[in-house]
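Only one chain comes next, encoded as structure tokens, the form predicted on its own.
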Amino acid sequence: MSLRTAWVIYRKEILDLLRDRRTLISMVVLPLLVMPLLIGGLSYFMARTERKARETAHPIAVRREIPLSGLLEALSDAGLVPEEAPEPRTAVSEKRAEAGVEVAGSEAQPRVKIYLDRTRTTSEVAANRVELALNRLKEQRVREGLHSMGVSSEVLTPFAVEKVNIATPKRMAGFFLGTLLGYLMVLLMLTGGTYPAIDMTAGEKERRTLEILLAAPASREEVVLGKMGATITAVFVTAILTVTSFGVTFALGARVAEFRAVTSQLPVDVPAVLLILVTLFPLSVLFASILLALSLTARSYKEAQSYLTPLMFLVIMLAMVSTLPGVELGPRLAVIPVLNASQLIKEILMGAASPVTIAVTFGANLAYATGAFLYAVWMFKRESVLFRI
């Protein structure tokens, strides 16, 4: 086998990829735009929405079947605008009020209901402020009752309870952002290699150019090595561009006040970036090999897309497991492909990745990639697959 011949085929496939608009969009444009638009835009929008919700004087629909002294004053002191309404629930559902308060029961034991719409951020914020105002009013009534009986209000707080989060701000930032990044990177890598793999196999079958390539003075191993190298390049370049876009997004986002609190704590440095890329390289070989092997069995571009759809769903499901709470990368999870890389990226950003899990993840994915590569080579040697029409 001549590496020079494989290099010629590799260059030919790369040139074909650069001429294909769909490949450039999935391999270059999407990785560069997804991070700024999704992370930057979404975070900025949510921060502004929450700040606006906190600063706005929310209208509150109030209905009192029985009197509750101090209710309207407590709501007003909390920055809310209480308004009498016959049906607080209807007022909230029709967006005439952000939250509703209904007082029922008896004067001896009033019952207060708070109506809100959890699909609206402003309603959620308003309901939280209503609850805080009612708790203050309740505490005030209790203190007044104890005082009238000559009992000290200190009996209400026999001891203090405080929750202390031992996770550092860097670890928290890495946890939240690493969950999203691991999932997105795996998904974008698969997307970036899909069109090149289909075009090099089923696409060439459809265009009737595969026979010309096989008739060239190149062995089957040289042909598959060139195509495999081009597909791996497409997948890994997608990973590199995604990581680059991630870093640039947070570097520029540090200038935005709403975004600075997160970006200033994120533990992204050169060793972390290099470790992420090392983690993704075996996964790139695995994706490229599987994509080529599956696409090669198809007779047309459309048929290849239908073959790769189940693979896409499988990768999405495995990557989504890493976004679930309570998932930690141990020796068992480290041998599950896709899930191990996605989870390891999150732990790298958290600064919690151990050498053992890194080694097991890399070794497992390298073994899977080697097996998939050999399977793709075997598929290319089968005449019944290459000339399936």
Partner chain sequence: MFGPDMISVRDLAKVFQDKKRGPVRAVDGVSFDVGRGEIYGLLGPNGAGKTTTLRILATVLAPSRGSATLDGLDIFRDGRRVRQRLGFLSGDMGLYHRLTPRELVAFFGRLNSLDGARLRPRMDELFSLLGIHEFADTKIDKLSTGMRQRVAIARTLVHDPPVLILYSTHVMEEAECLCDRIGVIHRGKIRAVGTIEELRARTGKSRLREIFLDLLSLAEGDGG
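Everything numeric here is computed off the predicted structure, so don't read it as measured data. Numbering follows the first chain given and starts at 1.
Another form exists, predicted together with the partner chain; not displayed. Remarks below refer to it.
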Original post:
Given that the partner chain is left out here, which of 309, 209, 153, 106 has a heavy atom within 4.5 Å of it in the model of the complex?
Top reply: 209
Subject >> Residue (of 157, 93, 219, 140) lying close to the partner chain in the model of the complex, criterion heavy atoms within 4.5 Å >> reply: 219
Subject >> Region of this chain that lies against the partner chain in the model of the complex, out of 157-165, 229-237, 198-206, 82-90 [heavy atom, 4.5 Å] >> reply: 198-206
Subject >> Interface membership of residue 214, the partner chain in the model of the complex, 4.5 Å heavy atom rule >> reply: yes
Original post:
Can residue 376 be called a contact residue for the partner chain in the model of the complex at 4.5 Å between heavy atoms?
Top reply: no
Original post:
Given that the partner is absent here, does residue 9 sit within 4.5 Å of the partner chain in the model of the complex, heavy atoms only?
Top reply: yes
**OP:** Note that the partner chain is not shown here; using its position in the model of the complex, name the residues of 13-30 with a heavy atom within 4.5 Å of it, in sequence order.
**Re:** 15, 16, 19, 20
